[in-house]
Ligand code: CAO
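As structure tokens, one chain now follows by itself in the form predicted alone.
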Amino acid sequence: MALLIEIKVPDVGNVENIDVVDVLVKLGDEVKLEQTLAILETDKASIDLPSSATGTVQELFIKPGDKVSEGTLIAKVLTSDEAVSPAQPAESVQQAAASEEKAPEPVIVIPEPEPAKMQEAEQQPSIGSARAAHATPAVRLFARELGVDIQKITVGSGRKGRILKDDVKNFVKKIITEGVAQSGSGIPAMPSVDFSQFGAIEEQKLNKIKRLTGQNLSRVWLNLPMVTYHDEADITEMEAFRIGLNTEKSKDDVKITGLVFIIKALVSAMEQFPQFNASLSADGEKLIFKKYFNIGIAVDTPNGLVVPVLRDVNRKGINELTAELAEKSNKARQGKLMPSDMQGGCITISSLGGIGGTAFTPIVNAPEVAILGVTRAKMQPVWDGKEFIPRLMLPLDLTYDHRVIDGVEGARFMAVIKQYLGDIRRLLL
């Protein structure tokens, strides 16, 4: 029996207005279960939108340049009941089957009013009340998340001057472009240069991930007083232990990397220093302590830097974290991370791995209050009081928000991390 299945945008972690970058099918195409129908792009990652059924595309409701959210109708696929994904809601299948049994009749669709428009009708200011910025609660929440005082947006592009999310985004872009902080202090804008006068040039537009990452880093740089503390950890014994563990693994097992030990050491240090597992409230008056331990790992991808999050690291062992880290890193490089995979981090690790370098100053991934940078370890002669002995030394760079963490706390926190990496048996205590 043929069924008409509706394909909708799945749960993408409460992210709205996701850009449709490309639509990979057209009317009449045969599609298979889990085949990618379209590519979506958020400010942090690209998302492959899979088909939940095998069949023929009957209708398409999106095109490149559109914006979609969770539940948005993407396409209708004519299929058989055996070819429906288990994730497809039973009621939609039953409704489709019922519609197939009836004789086709003309259907008049009366669109329901959008929630935002219903709120517009309900939230008109009362007579005699002070005039406030016209915006829905969702737009006000969006503005607060970006640190924007919505009262400073005087004119909205919506009906009757109502402020929309695009108005908030344009307000932030204007601040960054003009180099003017919200406090009112002026920062001279970078001059525009015509480089073609010096020779041949080629322009390439930044993708959305790099563009919005740059805006976020600029905002953090302007608003956070950051300090970076540099040190080195002796990982000679840790590396010997890691190599020994990997020799016990089979050819197909995922090999343990030094980054996993750094993650465990970092979490143990955070348990001793709760201020590193906290965030400052938007008004700067309160410190919000987190009782969970989620670690973000900066991953370099062809589309830019993304930060997948490993959750509840304090409850997981080395082998479990190794497998999860490999899975998240592969998904990041393939552009298959969901927005929910990159939310809820407590602190971030940015590792340059085997690329090189001796030190750098990573920028805090706000609203986190610290980030740990790691560069390539190398053998160095270390004086033990009697002679120089070769030791494998790992450079570490800790950047922190000085409003929350002072210099002594930063140095003590780093000392504890060095202790754990120098003798990983301490992680068992």
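Residue indices: 1-based, along the sequence shown. These numbers come from a predicted model, not from an experiment.
There is another form of the same protein, the form predicted in complex with the named molecule; it is not shown, and what comes next is about it.
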Legend entry - The unique member of 399, 42, 375, 51 whose heavy atoms fall within 4.5 Å of the named molecule in the predicted bound form: 375
Legend entry - Interface residue in the predicted bound form among 294, 303, 329, 268, criterion: non-hydrogen atom within 4.5 angstroms of the named molecule: 329
Inset, instruction - State yes only if every one of 299, 350 and 360 has a non-hydrogen atom within 4.5 Å of the named molecule in the predicted bound form; otherwise state no. - result: yes
Legend entry - Heavy atom of residue 191 within 4.5 Å of the named molecule in the predicted bound form: no
Inset, instruction - Look up in the predicted bound form whether residue 354 has a non-hydrogen atom within 4.5 angstroms of the named molecule, and give yes or no. - result: yes
Inset, instruction - Indicate whether the named molecule has at least one heavy atom within 4.5 Å of a heavy atom of residue 227 in the predicted bound form. - result: no
Inset, instruction - Mark residue 394 yes when one of its heavy atoms lies within 4.5 Å of a heavy atom of the named molecule in the predicted bound form, and no otherwise. - result: yes
Inset, instruction - Within 4.5 Å of the named molecule in the predicted bound form, counting heavy atoms only, one of 198-206, 274-282, 138-146, 321-329 shows up; tell me which. - result: 321-329
Legend entry - Within 4.5 Å of the named molecule in the predicted bound form: residues from 257-285 (heavy atom criterion): 257, 259
